[in-house]
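Take a look at this single chain, the form predicted on its own, given in structure tokens.
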């Protein structure tokens, strides 16, 4: 893969300043102060909020505490989506810090998956990596890895160790030069204006004629409304890791450099803010 290590590093160390406040309906023994944290974009909410939990438990009785969950402006936040995706999808045009409400009661079973332990996050993360590798290499790379290699990917994410993670993830980003890219690009397109959680279909990085497909090509096929017609005002922003890449960017490059650690390219299509 092309050695744009600075890009990989910038993506990995992306942070969102966040203010966690306890929901006012929770029963506390004294007033709960808000808790501030820099959230890593590439991680998962339930993986990086132990400190948040400990902070609020100081003012609560054990019998008033059930499973912790988070919401933003009335929307329960799905912990199994990467943090950066949640922010880009729900809050990308808000003033920082991102204001998240913490709950310990009334878990919304219809909206959220339960997350009783880190092993649940690990299982979700590894299944995403395996799914991505099935699309990219017919699962050959992930199947050639040993259990300790899988563990290295997970521990790299869990402990925020860029070099440890990428020493192994590099293998998942390789492909035969003559093929010009992966078999298919693992991507998901999210939008808030839809009942579907996301769009995910088969899409090759190279056209049958051998030319590189771009982000614009992908959107034309999967979500044409995201691309304005000539002379038309831009209705949507297409956001990956908090930025709007040029539509001419080759999809293969994006997949290698702007995928999340789960090896998927997570693309958020959000309405352009009306000032």
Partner chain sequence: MPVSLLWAVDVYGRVYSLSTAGQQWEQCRDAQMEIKRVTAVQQCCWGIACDNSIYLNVHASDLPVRYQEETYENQRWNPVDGFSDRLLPSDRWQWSDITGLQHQPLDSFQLPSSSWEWEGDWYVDENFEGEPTEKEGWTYAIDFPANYTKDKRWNSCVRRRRWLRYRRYKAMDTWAKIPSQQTTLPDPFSDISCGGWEISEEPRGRLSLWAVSLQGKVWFRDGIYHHNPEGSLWEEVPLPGEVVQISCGPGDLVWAVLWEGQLIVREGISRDCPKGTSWAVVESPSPDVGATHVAVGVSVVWAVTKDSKVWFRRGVNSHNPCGSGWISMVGEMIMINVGLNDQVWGISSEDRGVYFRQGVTSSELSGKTWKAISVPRDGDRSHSSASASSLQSAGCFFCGEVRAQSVVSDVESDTEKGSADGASCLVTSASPESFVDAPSDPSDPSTAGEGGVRSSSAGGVLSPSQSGAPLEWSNVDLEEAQGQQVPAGAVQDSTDTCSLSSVATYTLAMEDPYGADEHPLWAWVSGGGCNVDSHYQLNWFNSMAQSVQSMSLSVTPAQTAAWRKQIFEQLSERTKREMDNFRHYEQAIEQSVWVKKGTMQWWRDWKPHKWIDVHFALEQFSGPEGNKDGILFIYYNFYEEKKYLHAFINEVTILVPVLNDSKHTFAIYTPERTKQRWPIRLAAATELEMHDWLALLSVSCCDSRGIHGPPSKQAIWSTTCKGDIFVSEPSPALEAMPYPTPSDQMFWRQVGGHLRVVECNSVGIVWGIGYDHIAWAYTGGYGGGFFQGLASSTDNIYTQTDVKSVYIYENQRWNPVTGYTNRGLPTDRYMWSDASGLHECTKTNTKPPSPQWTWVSDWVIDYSVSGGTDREGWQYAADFPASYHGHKTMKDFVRRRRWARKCKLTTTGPWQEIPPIPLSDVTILPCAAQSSMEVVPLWAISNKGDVLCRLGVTALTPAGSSWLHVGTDQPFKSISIGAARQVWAIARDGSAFYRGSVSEENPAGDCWYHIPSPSKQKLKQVSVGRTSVYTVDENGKKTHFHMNLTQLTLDDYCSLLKEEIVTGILITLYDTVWIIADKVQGSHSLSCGTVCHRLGVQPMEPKGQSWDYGIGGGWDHITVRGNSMEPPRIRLPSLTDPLPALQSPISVRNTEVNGNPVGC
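Positions refer to the first chain, counted from 1. Only a predicted model underlies this, so the values are computations on that prediction, with no experimental measurement involved.
Quick note: we don't show the form predicted together with the partner chain, though the next part is all about it.
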Problem set entry | Of 68, 226, 39, 218, the one that lies within 4.5 Å of the partner chain in the predicted bound form (heavy atoms) | 39
For this session: Tell me, out of 33, 248, 29, 232, which residue has a non-hydrogen atom within 4.5 angstroms of the partner chain in the predicted bound form.
Result: 248
Exercise. Though only this chain appears here, would residue 180 touch the partner chain in the predicted bound form if you measure heavy atom gaps against 4.5 Å?
Worked result: no
Problem set entry | Non-hydrogen atom contact residue 158 with the partner chain in the predicted bound form at 4.5 angstroms | yes
Problem set entry | Proximity of residue 96 to the partner chain in the predicted bound form, heavy atoms at 4.5 Å | yes
Exercise. Does residue 170 make contact with the partner chain in the predicted bound form, using a 4.5 Å heavy atom cut-off?
Worked result: yes
Problem set entry | Region of this chain that lies against the partner chain in the predicted bound form, out of 107-115, 73-81, 131-139, 160-168 [heavy atom, 4.5 Å] | 160-168
Exercise. Any chance 10, 16 and 242 all have a heavy atom within 4.5 Å of the partner chain in the predicted bound form?
Worked result: yes
